Structure formats: C-alpha cells, structure tokens
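Okay, here we've got a single chain as structure tokens, the form predicted on its own, with questions on binding and movement later.
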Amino acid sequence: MDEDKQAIQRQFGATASAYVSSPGHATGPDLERIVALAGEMEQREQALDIATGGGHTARMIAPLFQRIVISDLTEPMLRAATGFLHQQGLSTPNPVQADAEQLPFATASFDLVTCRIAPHHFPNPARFVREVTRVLRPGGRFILADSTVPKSSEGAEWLNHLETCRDPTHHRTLSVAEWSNLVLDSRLLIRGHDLFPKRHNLAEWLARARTPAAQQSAVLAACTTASPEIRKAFRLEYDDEGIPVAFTDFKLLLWADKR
C-alpha cells in the first residue's frame, strides 16, 4: 500500500467515531435523494457502499435491498460503522476492508454502488469509477455524492487549498464536468445530477479532522484574506471581530446506470 493510503488510514482511524456522530454526515437532502434514487430501481438484491465512513448511507439504503455490503480502506472506521449499524438494528452489514480503487469483488456483483463524501480523498478517481463500473451488474446504478468546485480556477484552487490545510489526506475536489467525464469514459449512462449547498461551521469542521493548530491558522488565514469573489462564492461568514466562522460549499449528487 502506498504512503498516501497509509496516511488516510492513520487519519481516519484516529477520527472514526467523529464521523459516526457527525450530523453533517448522518443527515442531509443529498442523503434523502440517494434513498429516493435507490428506491426507484427495479432490481434491488445487493448493494455496496464504498468508503462507508460512519455508515450513514448504508443505514438508509439497507432496508431497500436484500443484502448490503459496506467497505472502507480504514479498519477502525469500518469497525465503527459496523457497530453503529448494529445499534440501528442492521444485523448483517457485511463489512469488507477494501481500497476503492481496487475492489475485491467479482465483476457484475451489485445492483447499486454508492459512495458519499469520500472520493476527494482518492488518489486516482478514474480508477475508482472503472472499478465501480466493473462490479456493477448490467442495468445497475452508481450514485456518487461528493464536494465539488465552482467553474472558476480561483474557486477550485481556494477550496482545494482549504481542504488540504485542514486534512493533508485530501487529494482533490473535482468539478461537475470532471466527474461527468470520468463517468462517461467508463461508459456509464448519466441519468442526472443535483447540487446541494452545505454549510460548514469552521470550529466543528476542524475539530472533526483533528487539524493541528498551525494548520487551523492556515485555514483561518485563507478565509480572512479571501477575495470578494471567493467570499461570495463560498458564502463566507465572519463574527463581529472579523474572525471567519463558516463557509458553504456544494455537494454534487450524480447518478448513472450501467448499460
């Protein structure tokens, strides 16, 4: 395993419980939309939730399928998600430790594959999408949810800088066009996409990642010195003393079917 993925395991192994309890991961209109998109499928035997994190997507879609498999690169995260799902009454979540870019599943195994709020950590998103396509059955569905960047290069650079300061295991947040091209290159048929604004309280956002003090200062500096265009694009909020307290980005929800 390369150093980048070992760093991901260290980062999320130490913060697993925070993602189980995170309201921003446990709820949201994007999660509700995922459930609706999964529920409209005719074939619902087996689903896979990649990089399951706290297990929140799996919890919501599990009642719709005969069998749910959860995977994550980080064993403590997978263990935390499994415990959470057991507490929620899901007795058999079928956890599998797995790299999203090299899935240990047979070709054409799943009717649905989901991945939510994780791919910006993947070093090779194209390989990830190819693996998703491989394990999907013909007629199966892929539902992706992740942060996205605005069209402007300034906005893309600013958000990726902010994310990397907060957590160096962040790889890159892609644009809607970049994700669409990766999905189309894998010969999946895009059915649609939505964008959902998501507000981040900076104190909570930094605490969840256990961001060191020096890197917290870098995040605050990036918000404090942001241009008027960036302040508007990310709805930056400040307290009465001008200290940054929150920003809003957008989550892409894209769904595509295997021909």
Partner chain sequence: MKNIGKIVALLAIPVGLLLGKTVLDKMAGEPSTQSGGVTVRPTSDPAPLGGTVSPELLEILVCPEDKGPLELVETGKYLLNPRNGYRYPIRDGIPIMLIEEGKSNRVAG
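Just so you know, these numbers come straight off a predicted model, no measurement behind them. Positions refer to the first chain, counted from 1.
One more form of this protein, predicted in complex with its partner chain, exists but is not displayed; see below.
A.B. asks: Which of these stretches, 172-180, 68-76, 113-121, 144-152, has heavy atoms within 4.5 Å of its partner chain in the predicted bound form?
C.D. replies: In the other structure, the partner sits against 68-76.
A.B. asks: Among 188, 165, 156, 98, which has any heavy atom within 4.5 Å of its partner chain in the predicted bound form?
C.D. replies: Among 188, 165, 156, 98, a heavy atom within 4.5 Å of its partner chain in the predicted bound form occurs only for 98.
A.B. asks: Does any part of residue 9 reach within 4.5 Å of its partner chain in the predicted bound form? Heavy atoms only, please.
C.D. replies: Looking in the predicted bound form, residue contacts with its partner chain include residue 9, since a heavy atom lies within 4.5 Å.
A.B. asks: Is there a non-hydrogen atom of residue 232 within 4.5 angstroms of a non-hydrogen atom of its partner chain in the predicted bound form?
C.D. replies: No, no contact at 4.5 Å.
A.B. asks: State yes or no: in the predicted bound form, is some non-hydrogen atom of residue 161 no more than 4.5 angstroms from a non-hydrogen atom of its partner chain?
C.D. replies: Although its partner chain is absent here, residue 161 would stay clear of it in the predicted bound form, with no heavy atoms inside 4.5 Å.
A.B. asks: Using a 4.5 Å heavy atom cut-off, state whether residue 129 contacts its partner chain in the predicted bound form.
C.D. replies: No, no contact at 4.5 Å.
A.B. asks: Sequence order please: the residues of 4-22 with a heavy atom within 4.5 Å of its partner chain in the predicted bound form.
C.D. replies: In sequence order, 9, 17, 18, 21 come within 4.5 Å of the partner.
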